[in-house]
Structure formats: structure tokens, C-alpha cells
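Listed next as C-alpha cells is one chain, alone, in the form predicted on its own.
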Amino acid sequence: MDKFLNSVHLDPDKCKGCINCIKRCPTGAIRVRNGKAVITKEKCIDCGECIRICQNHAKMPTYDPLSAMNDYKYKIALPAPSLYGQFNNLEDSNIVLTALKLMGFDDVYEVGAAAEIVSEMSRKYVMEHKEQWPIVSTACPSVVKLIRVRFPNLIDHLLPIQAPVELAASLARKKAMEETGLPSEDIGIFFISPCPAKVSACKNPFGIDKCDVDAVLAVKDVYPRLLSFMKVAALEPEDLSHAGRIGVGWGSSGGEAGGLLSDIYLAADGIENVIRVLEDLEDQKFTNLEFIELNACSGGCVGGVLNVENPYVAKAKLKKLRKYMPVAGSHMRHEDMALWTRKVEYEPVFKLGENMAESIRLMSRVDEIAKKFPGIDCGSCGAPSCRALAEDIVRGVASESDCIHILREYIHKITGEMSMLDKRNNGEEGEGK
């Protein structure tokens, strides 16, 4: 399994070689080389910022097509809580769940229901492990990836509990096998995802060896199909929902932390804000915090690039839907199933040297080269900053002449020397005459 599996890819035919994506990438994973963007998969955290910013739609998410439903005898949909926020005037989540069955699924299992189990486990874990405070949520795969490659000192703060989708998939498969008698291979578990990060996390999960999700569908692909069944589903919806306010609340920022039933937490959304919080946490600026919820997307999961609705409008819709829900709809206990079975390991993708001495030497070389550049971080070289270009040069994948300002000075120098040589030659010819 590729531990750097990503779900964001580039369509080179659409790429115009602009520098919008390299300026927005939070980990500096993108460069523009030979007129086309290049994504370094080891540094990519699947946050989707490049997809949002690319005006040419050259950055694209990877996910499974709806036709994957045809590969299984029995199909189960796992709708993310953020799915409910895509629909106007939705007063009952059962309408969406019933529409999913009309669309072709044999059963549904809400990720929000599993989220309530995770919330209960998290409350218990946080109170029993005060030495880890503040404990950092692991529900957002982009955040876990970011910590794994950039904040190794914070790995011990990660909450070692499966994400709700992983638990939901396991419970849904177990339930289907018991009720239908079908073997596991005939049962397809389909997660309806709001973002590409969850796609790669389902294919290559953290903390566990395998996720029970068989295919990941995009909300934006499922949404138009569901609309055609919503009116019929609204006439007589089945009683399928097992998620209450806590579970559905996971769809937007602050929902997970709110499920802990504690006020001693911090919730931040948007990748730039997440990085700022992690830097402050690394500098030990937080005191007396129990829990930190971080979401790479603005607004939380409702802000994922695979959604169709404005994240803040979707957040308001979820708030309205939750108003008359019970606090929680799922009260099952599955502590033995939801804990991580292996630890997240630090991946030093940003280091320059193989050891401390070499790293210090190469960093000094980076500082030396960076001083030659103007420091305006224009991005014309294909790197996001002058320092990033200096690091690329030290790594041997770029040269000083990639800087347009250095190149211009070089051209002016060569032009001046050629002009002097030309004058000298003309003078010698004149004396000869």
C-alpha cells in the first residue's frame, strides 16, 4: 500500500502554468515546471485548496464512479452528515435516506450514527488521558497528514480512535452479513464523501490496516440523482435515521468538539487557521485545553470540494435540521472496534539531509542561496517563495537561473559584455581602415 496515496491529480491538458495553485498550497507540494504544474505526492495532504483555486479546473479529485454500484449484489450507502446540508428546506433526514434506497441502494447506515459512538468514546478517552491534553481530533485526514509530515512533535496528541466513516463501514458490513447471509465480497459499502481527503483515507486509512469502504462516491455526483427521488421519498419516508444532533453536527466545524459535552476545547477550520493553531500548539501556547478540533475545509466538512452548496449556507441548513432532533440517536458501544491498532509514524518529507550535521550544512547553503534572490516571492520561478526555490536548488531540482530576476541580471550582463566586445571589434576594424 502506498503510504503517500493521494486523491488530487492534475490534468496537464487543462493546466496553463499559472502560479495560483503554488501560492495557495499549504505544504508547498506544487511546482510549475516546463509550463505545467507538478504535484509532489509525498507533500500533498489532499486539502483541496488547489482544486478550489484553479480557474482552469486542471486540479481534479479522484473518486469512484456511480457505476461501481453495479459490482455488488447488496449495496449500502454511508451518507456523510454534510450531505443533509446540500438540500433546501429539508426537515427530515429520513427523506434523504429513503431517496438513497430509491436510487438503488439496498440499505443505508449514517456516518452520523457512528460519529455519536466515536463521540462517546472520545469523551471517555479525553478524561482518562489527561497527560495528552490537548488531544487533537483525527477525523480530518488532511490534518492527520499535515501533522504526520510537518508537526512530528504533535503526533502523541492525536486521538487514537477511528474516524466515524471507518466505524460506520465496519458496523454496516457486519449488520448486512447477519441480516442477508451474504458473504462479505458480495456486499458493497459506498461512502458518499464531501472531500478528496476522505477518499484517500478510505483507500489507505490511518491507525488501522484496512477500511471496510469498498468505493467512495462524490456528493456532487449523488446529489443530482437524489433530487429526482426526493419528492417521492417525502410522501412516505422510511424510518431509517439513527443520528441525532450530535452525529449530524459533525458535518460542520465545532460539531465534533460539541459532542464531547465540554467547553474546554478549541475548534478551527480552514487550512491556514489549522496551521496557525498547530504552530501555536507546538510552541506550547495553549494551557488548560482538553481537546482541539481541526478541519482543513472552511466551515468543516460542509466546505469540502466534492459538495455542491456554499459551506456557510450548508452549515445553516444543518443547524436548522438539527433543531428538532434528539440529542443522540445511537447508543451502541463498540470500544473494541473503534480504537486504532497502529500508531501514525512521522514521515520526514521536508528534511534536507540524512542526519543532523548534513541538514545543518544544507540549511546554511539554502540561506546563502536565498540571499541572492529579491525576496518578493513572486512565484515566477515555479516555486511558491524565494526560500522554496533555494531549497529546490539544494535538492538539485532547480537552478538559480529559474529566478526571473537573476536571469534578467544575467542577460543584462551578457548583453553588456557583447556590446563592449562589439564596440571593441568595430574600433579595431576602424583603425585597420
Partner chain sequence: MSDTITLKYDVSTDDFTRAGEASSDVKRKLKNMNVNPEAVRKVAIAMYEGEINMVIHANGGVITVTIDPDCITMILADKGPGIPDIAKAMQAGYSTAPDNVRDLGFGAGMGLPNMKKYSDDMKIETELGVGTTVTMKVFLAA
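Only a predicted model underlies this, so the values are computations on that prediction, with no experimental measurement involved. Residue numbers count along the first chain shown, from 1.
Below: the form predicted together with the partner chain, not depicted.
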### Query
Do Asp283 and the partner chain share at least one heavy atom pair within 4.5 Å in the predicted complex?
yes
### Task
Find out whether any non-hydrogen atom of Glu185 is located within 4.5 angstroms of the partner chain in the predicted complex, and reply yes or no.
no
### Task
Tell me, yes or no, whether Lys317 is in contact with the partner chain in the predicted complex, where a contact means a heavy atom of each within 4.5 Å.
no
### Distance check, Gly104 to the partner chain in the predicted complex, heavy atom within 4.5 Å
no
### Summary
The one option of Leu240, Val308, Met363, Leu289 with any heavy atom within 4.5 Å of the partner chain in the predicted complex is Met363
### Message
Can you work out which of Asn355, Asn88, Ser228, Thr341 has a heavy atom no more than 4.5 Å from the partner chain in the predicted complex?
### Response
Asn355
### Query
Can all three of Lys23, Gly254 and Glu272 be found with a heavy atom no more than 4.5 Å from the partner chain in the predicted complex?
no
### Query
Can you say which of 219 to 227, 320 to 328, 143 to 151, 176 to 184 gets within 4.5 Å of the partner chain in the predicted complex, counting heavy atoms only?
143 to 151
